[in-house]
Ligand SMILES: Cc1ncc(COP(=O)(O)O)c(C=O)c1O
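In the block that follows, a single chain appears as C-alpha cells, in the form predicted alone.
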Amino acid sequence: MAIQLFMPTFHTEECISEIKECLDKGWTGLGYKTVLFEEKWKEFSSMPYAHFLNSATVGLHLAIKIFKSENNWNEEDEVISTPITFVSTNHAIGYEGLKVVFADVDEYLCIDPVDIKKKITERTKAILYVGLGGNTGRYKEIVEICKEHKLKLILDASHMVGTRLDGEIVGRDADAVIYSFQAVKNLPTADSGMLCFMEEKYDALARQYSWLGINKDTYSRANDDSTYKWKYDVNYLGYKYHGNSIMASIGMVQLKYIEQDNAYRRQIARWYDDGFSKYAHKIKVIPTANGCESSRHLYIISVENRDGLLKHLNDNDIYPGVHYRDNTEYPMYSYAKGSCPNAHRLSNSVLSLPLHLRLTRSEIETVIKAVIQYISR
C-alpha cells in the first residue's frame, strides 16, 4: 500500500452526529454552530476574539484589508514576508495593492529577523510571519522588531494549530492570527479557517466584511399598519467569506482530539529523528526552535539531489511533498528574485516526509529505510 504525505483522520461518527443536529434543526449556514465553535476556539487558544471563515486565505486577506483601511496604508506600502510559504500568504498582501518585500529564511525555514531588519523602510507597515510546519522559529525576536518599529504583526498560523512556545499557545503578542482547518491540516474540515484579532474593533469589522459588508446590528424597525419591516445597513463592499455550521460541526469534534493527535505527530517525528540520527552528515533535519512544542504539521529534511530522492521514494510507493517552492520564482514575484539566497537554496533541497495519524511505526521504518538506501549510494 502506498505511503502518502497526508491522509486526514476524522472522528466520523461524532462528526456525523454534530452535522445531523444542524440538518435536524434546519440550520446549516452562518450562526448556531459557527458561534459555538468560535467560543470553543477562544477557550482553547486564549485568543480574545475568533471569527470562523471559509478558509485561512480569506482570513489573511481580511487582516491585511482591515489594517490597511483602518491605519491609512497606501498603495505600494510594504509588508515583509517569507518566500517559503504557500502562495496564499503573499497573495493576500497583493490583493490590497501592497508590495510584498521578501526577507530570507533561517535554519528553521522561518523568516529571519536579521534579514528583516535590512528590509525595513519608511514604507514598511507590517510583518507577516509564517510558522512553517508548526515551528515557531525566532518568533520572539520578530515581536520585538515590530514593537521597535511600530509595525503590525500578522501571524500565519496555518500549520500551528496546537503549537506552544514556552508552554503557551502562540499569538497573543501578534495583532492578528490566522489558522487553517483545510482538508489536510492538523485540525481538518473540508475547508475553513479562523481569524483572531486582538482588538474588538477589528473583529467587528471582519464580521461585516465577511458577510457582504452587512451590519446586521444596525437594523431599524418601522410600524406601518401593524406590519413590521426590518432593514439592515450595508456599510462596506464586502465578501462572502464567512464559515458555515456544517464545517464548524466538524471543527468542534476535531478540536476535542487535537492534543492527542499532535502528541502522536510528535512521536512520529521522534521516530524519524532516531532513524536519521547516524546520517546527519547527509540528511539535515530542519530543527525545531528552542521552547517550541510544535504541532508537527510537517517533518522536513534537506538533502543533496532532492529530486533524485523524490523519484526514488515514488518508485517505492512513498509519496512525500515539497514545502515550498521559493515564491520569488513565480512570475508575479520575480521582481524579488535573488533577494533571498538561503530560501532559494533550501527550496531546491527540502522534502517533507509522510506524517499523518494513520501511519504506523512499521511504515515510518519503511520510509526511513528508503531514504537511507538512496543517500547511502
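When you see a residue number, it is the position in the sequence shown, counting from 1. Just so it is clear, the structure is predicted and the values come from calculations on it, not from any experiment.
Heads up, the form predicted together with the named molecule isn't pictured, but that's what we're talking about next.
- Contact here is defined as any heavy atom lying within 4.5 Å of the named molecule in the predicted bound form, and by that definition each of 60, 85 and 88 is a contact residue.
- Using a 4.5 Å cutoff between non-hydrogen atoms, residue 56 counts as a contact of the named molecule in the predicted bound form.
- Looking at residue 265, you'd find every heavy atom of it more than 4.5 angstroms from the named molecule in the predicted bound form.
- Proximity of residue 159 to the named molecule in the predicted bound form: non-hydrogen atoms within 4.5 Å are present.
- Taking the partner from the other structure, the named molecule in the predicted bound form has a heavy atom within 4.5 Å of a heavy atom of residue 324.
- In summary, among the residues 207, 119, 185, 125, the only one with a non-hydrogen atom within 4.5 Å of the named molecule in the predicted bound form is 185.
- Checked against the named molecule in the predicted bound form, the residues 248, 130, 174, 105 give one hit for a heavy atom within 4.5 Å, which is 130.
- The stretch from 175 to 183, 161 to 169, 280 to 288, 67 to 75 that comes within 4.5 Å of the named molecule in the predicted bound form, counting heavy atoms only, is 175 to 183.
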